[in-house]
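Okay, here we've got a single chain as structure tokens, the form predicted on its own, with questions on binding and movement later.
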Amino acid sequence: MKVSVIGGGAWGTTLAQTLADNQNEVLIRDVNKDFVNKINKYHVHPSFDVSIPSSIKATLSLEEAISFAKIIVLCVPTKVMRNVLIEINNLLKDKKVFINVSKGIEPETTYLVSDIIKDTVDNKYLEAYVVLSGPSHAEELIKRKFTSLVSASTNLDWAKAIQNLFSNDYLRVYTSQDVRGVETGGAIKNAIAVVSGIVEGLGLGENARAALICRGMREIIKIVEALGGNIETAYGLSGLGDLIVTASSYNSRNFKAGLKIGQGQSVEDAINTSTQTVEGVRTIIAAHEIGVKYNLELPIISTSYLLVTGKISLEESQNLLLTRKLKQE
């Protein structure tokens, strides 16, 4: 089967390798000429020093990528997702299946990617929408280390089709019909991961980080429910599973960004010095807006929002959380 991957960064090219391992024809589209050259000429991953199958091809042309395949994997940062989808919509001539693998929320609208799709892609060109998410570091999957994800779509047939498309002896994919729950859990855990990194950077210890992750999980559940997802999904791979791997690992770009902030680096520098996209800070802002909109009590999100927007200092953020009124768990 032919598959186009829009975005050839760390995750996009890693997923392209899995698709190629499963005997699919893969074309990656990226705007970075160096990335495209590394893939086409040297057959190496653009972010990691790892060889990739020579069958994987790359292009700078969005039009070429869209015309190449019916299945389109969306692997671009959410901050550019809307503009990319508008470009894609202008190129569409027939129905496509969109698979979103990006994990974020649009702060300006608090839209999930599924909402942005509805806003930008003409329904007559939308065969199906699937979100593929779960606990996954590209650094490990590129080495074919065991990983498990969930394929979610309101169209169960397509959820199963994408499950089969990606599954093999090192990648196990489950199915779900809870698109909103899967997308929300995958996004909000990035926000908690940033705060977990801040706790580590401040040197507060593992006890504090464990408490932060646990209480952060409660805030994820509240937001999942508010946005129409299921609690069971929040406790699954795309929620709790992804939170565990993202909030506790130095492979996590969001955790590392938080670590830098906790060590005194500015938010802007922490983001800009990362070689991979940091969705967590934008997600903190989006999650705060969701909390205001739905009148949710989200102390970790609310405090981290004040911190990343420069309204309070690191010391003030600690005091704000630790001096909250005692309550029942």
Ligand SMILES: NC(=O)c1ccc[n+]([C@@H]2O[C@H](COP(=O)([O-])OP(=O)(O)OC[C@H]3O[C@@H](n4cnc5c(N)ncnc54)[C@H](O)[C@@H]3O)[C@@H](O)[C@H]2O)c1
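Sequential numbering from 1, following the sequence displayed. The structure presented is a predicted model; accordingly, all values stated were derived computationally and were not measured.
There is another form of this protein, the form predicted together with the named molecule, and it is not shown here; the text below is about that form.
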Legend entry - Contact test in the predicted complex: Phe35 vs the named molecule, heavy atoms, 4.5 Å: yes
Inset, instruction - Although the named molecule is absent from this view, report whether Val80 comes within 4.5 Å of it in the predicted complex, heavy atoms only. - result: yes
Inset, instruction - Look up in the predicted complex whether Val292 has a non-hydrogen atom within 4.5 angstroms of the named molecule, and give yes or no. - result: no
Inset, instruction - Mark Leu307 yes when one of its heavy atoms lies within 4.5 Å of a heavy atom of the named molecule in the predicted complex, and no otherwise. - result: no
Legend entry - Option from 175 to 183, 214 to 222, 230 to 238, 96 to 104 whose residues, in the predicted complex, bring a heavy atom within 4.5 Å of the named molecule: 96 to 104
Inset, instruction - Name the single residue among Leu243, Val76, Val130, Leu165 that comes within 4.5 Å of the named molecule in the predicted complex, judging by heavy atoms. - result: Val76
Legend entry - Heavy atom contacts to the named molecule in the predicted complex at 4.5 Å, residues of 125 to 155 in sequence order: Ser136, His137, Ala138, Glu139
